[in-house]
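Just the one chain here, laid out as structure tokens, in the form predicted alone.
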């Protein structure tokens, strides 16, 4: 093969080398399947409700943003619902969640109220950040949710630290953290994950590979075919799965949670999805090929799961109408509450900032 590559043209040589590299990588990273998880009809309906609620809350936030009511940016999780919901659905109430800005579904599964979500988006004085932030940069210790910081990869060492503290306290808790395809190329990713692996901490890291780090495509970020291949270097399990399949995401996360709770250490899971909107509401995503968006639209995670549940006889027209009616009322009430809530007082701006 080497002789033939030398005789080929530069373009052909590059393509053959790429094919060879991808073939070898695939052979090395062929992952064993994880045990099946038997979900009841009620659990499957719960997954669907959370995904639909995520989509509708997302739409409400974008509408409110366009009305000029949202403070700061608005970040859509359109296309990422199955990853966020399926993963968080594997956690228990005493587990820790470190979500990103596209993990609204994980917030909802963990028990976050719509009131808190809209109060936060509108930066009201009674929000979780008391009006100091209007995006996803907030924590809710009561629910064990610790929201993202702008330097997303910096969350990994923080989450690993919580996993270490939890292990020392013998809480039998798991820490689930998320990072994007761009953020996983930062040094914090390596340092945090390596520490978690060496110390066998109860830590699960999901790479949400949604094809673009802002406007940079995956092909310009990493030469690896699978980002989960990095797990081999840390000596931990690594999987690459369809991030639009909510039951598959849930199944792999259930296995990762089991391993973490049994003291076997962390797991790295890469979910392949697509960011169907721009980086934020102010980004028109004109750099994304239209054909690519059209292809991924056919894999819409919410619509796909709805078809599956209908075919299985779990979801009926009557149930769907009832879900949509209740959902619309919940969102309208929560948004109305947020819009009538007061902004923070100016004299409180320094509260909690300076030591007495």
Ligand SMILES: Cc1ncc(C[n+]2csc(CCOP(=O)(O)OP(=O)(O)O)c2C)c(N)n1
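Computed from a prediction, not measured in an experiment: that's the story for all the values here. Numbering follows the first chain given and starts at 1.
Keep in mind that the form predicted together with the ligand is not shown, yet the notes after this line are about it.
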Subject >> Option touching the ligand, based on a heavy atom within 4.5 Å in the predicted bound form, out of 78, 239, 138, 212 >> reply: 212
Subject >> Answer option from 180, 157, 134, 147, heavy atom within 4.5 Å of the ligand in the predicted bound form >> reply: 180
Original post:
Quick one: does residue 275 come within 4.5 Å of the ligand in the predicted bound form, counting heavy atoms only?
Top reply: yes
**OP:** Indicate whether residue 90 is a 4.5 Å heavy atom neighbour of the ligand in the predicted bound form.
**Re:** no
Original post:
Any of the heavy atoms of residue 101 lying within 4.5 Å of the ligand in the predicted bound form?
Top reply: yes
Original post:
Quick one: is residue 197 in contact with the ligand in the predicted bound form, heavy atoms, 4.5 Å cut-off?
Top reply: no
Subject >> Listed range touching the ligand, judged in the predicted bound form by heavy atoms within 4.5 Å, from 180-188, 124-132, 242-250, 264-272 >> reply: 180-188
Subject >> Sequence-ordered list of residues in 145-173 near the ligand in the predicted bound form, where near means a heavy atom within 4.5 Å >> reply: 150, 151, 152
